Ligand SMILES: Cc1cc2nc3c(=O)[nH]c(=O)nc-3n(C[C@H](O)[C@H](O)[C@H](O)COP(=O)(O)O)c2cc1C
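Take a look at this single chain in structure tokens; it is the form predicted alone.
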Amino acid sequence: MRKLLFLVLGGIFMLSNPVKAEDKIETEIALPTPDYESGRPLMQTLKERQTYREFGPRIINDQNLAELLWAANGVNRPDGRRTIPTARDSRDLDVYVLKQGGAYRYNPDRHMLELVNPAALRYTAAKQDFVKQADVLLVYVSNNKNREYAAMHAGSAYQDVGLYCASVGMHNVVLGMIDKDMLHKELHLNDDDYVIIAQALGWPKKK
């Protein structure tokens, strides 16, 4: 029923907001294979890791997006296990990507993005003005009944992303001040899903 309602609403959105052929919304985005040799060495990356609250206009390309999502929650073994540890191998964490082209769920098994909402939600989700400069907002979601476990899983994911950002020179900031109720609704989450935290990403301003 939910999927049918989403399709109907999506159709209404498309009719009321016609797009040009070159601006067609992608319902699925296949991501490039991560370059496992990219970035700075680990110890240098740890030295460079920090929070930044300003971003420049440069767009995060698909290669960088693929790598930071793989760092957050990607599959790194043939048995499907992830780059982050989860209690009892629950694999309960979902990562949603909010960018100009809409809101997407990262599918780790297929290493691709799946459209959940064609609206650009990243500006309305954040409650701090500096986030509006960011190119991408990651939202970490879980349905784990043990919220302490879920918080630990999200922490592992955003730390991996923060380290990736430090390794390539990208800026990031973890955000607790987000509209969780709005995100729950607009990301079409299930009743037992809940938003944990978010992370804003972007390249630095040119000096």
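The first residue of the sequence shown is number 1, and the count goes up from there. Computed from a prediction, not measured in an experiment: that's the story for all the values here.
Below, we refer to the form predicted together with the ligand, which is not included among the displayed structures.
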**OP:** Give a yes or no for M170: in the model of the complex, does one of its heavy atoms lie within 4.5 Å of a heavy atom belonging to the ligand?
**Re:** no
**OP:** Please check if P41 has a heavy atom lying within 4.5 Å of any heavy atom of the ligand in the model of the complex.
**Re:** no
Original post:
So, in the model of the complex, is R58 in contact with the ligand at a 4.5 angstroms heavy atom limit?
Top reply: no
Original post:
Quick one: does T51 come within 4.5 Å of the ligand in the model of the complex, counting heavy atoms only?
Top reply: yes
**OP:** Can you check 104-112, 124-132, 71-79, 87-95 and let me know which stretch has heavy atoms within 4.5 Å of the ligand in the model of the complex?
**Re:** 124-132
Subject >> Contact residue in the model of the complex, from V174, M152, M182, I29 (heavy atom within 4.5 Å of the ligand) >> reply: V174
Original post:
Quick one: which residues from 135-161 get a non-hydrogen atom within 4.5 Å of the ligand in the model of the complex?
Top reply: Y158
